[in-house]
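The chain below stands alone, shown as structure tokens; this is the form predicted on its own.
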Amino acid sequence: MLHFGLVGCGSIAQQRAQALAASPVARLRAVYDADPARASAFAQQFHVEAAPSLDALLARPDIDAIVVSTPPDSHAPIAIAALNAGKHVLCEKPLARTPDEARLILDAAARNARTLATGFNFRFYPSVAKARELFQSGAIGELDHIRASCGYRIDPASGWLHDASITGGGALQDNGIHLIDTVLHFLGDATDATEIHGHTTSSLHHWPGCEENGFLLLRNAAGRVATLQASWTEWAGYHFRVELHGALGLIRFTCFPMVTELITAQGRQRFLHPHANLMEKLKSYRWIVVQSFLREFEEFARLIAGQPSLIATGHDGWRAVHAAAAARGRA
């Protein structure tokens, strides 16, 4: 059983704590937030302790790992402090604002021989998991290329989300960072992109340093190619869509709603994931997020134990930030 401390008591932390309360492999012990009142209320809600300071939380011998659930500008200092204190770290996306910041976290993990993972929970959504199953079964043969896009219409009153000093960028750093990881996850063994070309546009709000649309063209060492777009100006509403194009067919998956399709010369199969779709309607998409966090904690435990794991590593977090930065000409 892994015992966790949680830093940052915002909305994502609520879902993290719900998952920890239901997890068979992990438990939440204590929390810390820069706002003591919020930390106290959160601790009472989940029947855990509120630490008076970050140092106090990290000094606890009964805590094995830390979830970093704060805005991105504090990810590096908190994660590095936790790793230096001998704790394993699961950090929410994006791992950091820049590739250099992310590299500092990776260096701290290596220096302290601790496990670092990045919170790319989309890997555990039902439609993505089914796509991975089909792909690994050879249903579409050898992968040729990936085509992917995601987007929503951002609320101008969305606080720090469009403050580049906090986030490090715009759509590619926000919803797009999940898309980048998903694409790289499916590209195969040679996952680090050897070529990255990108462009950005910001024609609506003109927030400094925050692209409203980001476009990437990736190619890895195996010659597989991916194109993707992340948008904050998706007028038709939220979407997340990935297409895996192989020698024998196509796998397409979306969320939300959760749908996976297999299209080959033999016909078309559609997988609807009815339980997830029903619970999404009854309890909102947050129910699916909590379920994905449950699986992510299980895979984190496997990673710490040195077993094969599907969780995104610290390196996975770095390469996603690197790709997003490359599109902005900052890699």
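Because the structure is a prediction, the values reported are computed rather than measured. All residue numbers refer to positions in the sequence shown, first residue = 1.
What comes next is about the form predicted in complex with a small molecule, which does not appear here.
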**Message:** If contact means a heavy atom within 4.5 Å, which one of 73-81, 195-203, 180-188, 132-140 is the stretch that engages the small molecule in the model of the complex?
**Reply:** 73-81
**Asked** Given that the partner is absent here, does Ser127 sit within 4.5 Å of the small molecule in the model of the complex, heavy atoms only?
**Response** no
**Message:** If we define contact as a non-hydrogen atom of the residue within 4.5 angstroms of the partner, is Ala34 a contact of the small molecule in the model of the complex?
**Reply:** yes
**Asked** If you check in the model of the complex, is Arg27 within 4.5 Å of the small molecule, heavy atoms only?
**Response** no
**Asked** At the 4.5 Å heavy atom threshold, is Ser11 in contact with the small molecule in the model of the complex?
**Response** yes
**Message:** By the heavy atom within 4.5 Å rule, which residue out of His88, Lys93, Arg224, His162 makes contact with the small molecule in the model of the complex?
**Reply:** Lys93
**Message:** Quick check on this chain: which one of Arg295, Arg302, Arg38, Arg60 has a heavy atom within 4.5 Å of the small molecule in the model of the complex?
**Reply:** Arg38
